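For this one, two forms of the same chain are given in structure tokens, first as structure 1 and then as structure 2.
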Structure 1
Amino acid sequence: MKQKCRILIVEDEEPIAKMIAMNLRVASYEPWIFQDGLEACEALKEDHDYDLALLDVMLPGMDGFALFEEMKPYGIPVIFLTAKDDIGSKVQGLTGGAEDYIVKPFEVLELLVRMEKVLSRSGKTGQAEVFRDLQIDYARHMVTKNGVEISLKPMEFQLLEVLLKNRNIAISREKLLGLVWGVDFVGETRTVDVHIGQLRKKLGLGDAIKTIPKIGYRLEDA
């Protein structure tokens, strides 16, 4: 199994922080919560072994932008999660070096996908994840079945990754189209069906990738 990544959550709204942490645990991450920017900053001096940080901007003690500046020496990738949706704040966050900037409210599924992309870029997901007789290496974008490499096209691999990260959850074709091909991708949901068919055939997952009528697909971990 893949080693758990430690995720720092700095969010002063307790219900939101707990909701994020709960979903991260389900997705096999190890979340750590702080609700005060200054407290998080002080704690990082003793323990900064995090693979990714999710920072709110409007925090007590020290705001997210200031905290981010203090975090830079530690080299922790940062995604801002904030209600501040003005262009100035987005520009400040992204030009300052943040990996992503997500405006509240957000969908947890979208957050998880964006997190995986950041972790992949930063080389934090190098170990192989095992699903049935498949070994998935996210860093090298490689899948092996019983030790034999299976050739997947880039979009097939990304589609498999989304399904694996959300196993046992029904995902609509439209959502899969947006997450894998991008929100600006112009195409029909038939594209998803074709790629699902290829994954079933190439990886022998015909019984694992379930078709959910009038919705989409679900990868079952059974």
Structure 2
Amino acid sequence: MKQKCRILIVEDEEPIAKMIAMNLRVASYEPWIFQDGLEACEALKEDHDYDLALLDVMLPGMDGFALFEEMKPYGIPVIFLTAKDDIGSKVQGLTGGAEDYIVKPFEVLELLVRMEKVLSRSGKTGQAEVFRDLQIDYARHMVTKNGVEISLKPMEFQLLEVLLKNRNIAISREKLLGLVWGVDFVGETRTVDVHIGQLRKKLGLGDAIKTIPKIGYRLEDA
């Protein structure tokens, strides 16, 4: 199994930084928090082996855009996290080469999904993964259990992928519908239930995929 992705968080608001870190840890990332732009910049000189950076724009010491410029040589993909939702800074962030721009307050799941997208774009996510007794090969769309291939329909595979990448996080049926099928309307949630049922049966994940009342499903590690 690939080593955990290291995520740099530069956010001066301690509660927000801790909250992001808490979620990232649960989703099998390794978060590193800095609360000061200058401190982060100094620390990066020593150690810049990060897979992704989440930067606040308004930071003490050095603002997010300046820090972003300093970070460019290390080639770390950057997502800006800020309460400044004016178009000007959005454009500045994105034209400057940032991968994404998330406005506070944001949804945790949204942050994770966007991070996932950025990571897969920069090829930092693993091509294969092991979950319990399953080997999942994203490149070849293949799941093997103890060396035996289990045939999954394309939608079932994608559903599995979304659950795996957001493991330990409950995702609503509507969200799953949007993420896997690309539909944004309520009503067809039965489809999700059917596919979840298939996954549980085919992969033996009956206990791992938990149904969370009133919210949705959650794939749990242990």
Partner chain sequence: MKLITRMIGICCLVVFVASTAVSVAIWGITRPARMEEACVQAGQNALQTFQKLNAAISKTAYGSADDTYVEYLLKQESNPFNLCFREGRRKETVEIFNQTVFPREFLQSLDYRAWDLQSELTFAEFEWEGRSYLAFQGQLVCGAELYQLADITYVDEQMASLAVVLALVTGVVLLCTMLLLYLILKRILKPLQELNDGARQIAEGRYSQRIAVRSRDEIGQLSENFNKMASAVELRTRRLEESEHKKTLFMGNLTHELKTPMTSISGYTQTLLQVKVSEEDRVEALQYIYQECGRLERLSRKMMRLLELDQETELPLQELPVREVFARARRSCQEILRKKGLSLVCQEQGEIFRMDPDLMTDAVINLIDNAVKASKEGERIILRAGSDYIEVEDFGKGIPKEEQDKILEPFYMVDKSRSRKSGGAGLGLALTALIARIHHCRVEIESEEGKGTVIRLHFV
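Fair warning: this is a prediction, and the values are worked out from it, not measured in the lab. By rigid core we mean the largest C-alpha set that fits within 1.5 Å across both forms. One-based numbering along structure 1's sequence throughout.
- Structure 1, not structure 2, is the form predicted on its own.
- Residue 111: CA moves less than 2 Å between structure 1 and structure 2 after rigid-core fitting.
- If you fit the rigid core between structure 1 and structure 2, you'll see the Cα of residue 200 move by 2 angstroms or more.
- Annotation: Cα of residue 147 displaced by at least 2 Å between structure 1 and structure 2, core superposition.
- A C-alpha shift of 5.7 Å is found for residue 209 between structure 1 and structure 2, based on superposition of the rigid core.
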